[in-house]
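There is one chain below, alone, in structure tokens, taken in the form predicted alone.
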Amino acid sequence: MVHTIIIADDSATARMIIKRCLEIAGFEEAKFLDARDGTEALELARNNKIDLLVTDLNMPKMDGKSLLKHVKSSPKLAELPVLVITSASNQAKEDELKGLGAFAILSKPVSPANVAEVLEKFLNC
């Protein structure tokens, strides 16, 4: 099965690194859609069949937290798994994001190993 994955991050370099980590973690056949902010990611999610949304937390226009809230409050998108990647992670923030519906939170810098570990849950769904 070919998965379609949105990678939302305002840094093109970060999107490239996340994509490479996902490819190494087993998604080499995936179709990747890039978004520079939450607004673009939400538009892509509404107009495509998406299997996974990977988002940074700190972005212009719409941040990752707002994006997560929009996705989870939409009847069409509520079941979409959202992986949040952030440099500003602590237990309280992780608990808040999981409470909003994120299925996992990873701290930057990401590695193929920690992406693979988290996505095992996704692949088993």
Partner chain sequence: MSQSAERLKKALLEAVSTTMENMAFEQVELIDNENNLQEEISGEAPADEFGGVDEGATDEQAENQSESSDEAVEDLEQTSVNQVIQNLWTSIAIIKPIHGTMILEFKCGYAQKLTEAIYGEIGDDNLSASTVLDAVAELINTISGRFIDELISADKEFELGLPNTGEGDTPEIENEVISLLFDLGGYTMRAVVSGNDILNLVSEKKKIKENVS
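Positions refer to the first chain, counted from 1. A quick note: this is a predicted structure, and the numbers were derived from the prediction, not measured.
Separately, the form predicted together with the partner chain exists; it is not shown, and the next lines address it.
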item: Options 91-99, 25-33, 71-79, 46-54; stretch whose heavy atom lies within 4.5 Å of the partner chain in the model of the complex; value: 91-99
item: Contact test in the model of the complex: residue 19 vs the partner chain, heavy atoms, 4.5 Å; value: no
item: Any non-hydrogen atom of residue 116 within 4.5 angstroms of the partner chain in the model of the complex; value: no
item: Contact set, 11-25 vs the partner chain in the model of the complex - heavy atom within 4.5 angstroms; value: 11, 12, 13, 14, 16, 17, 20
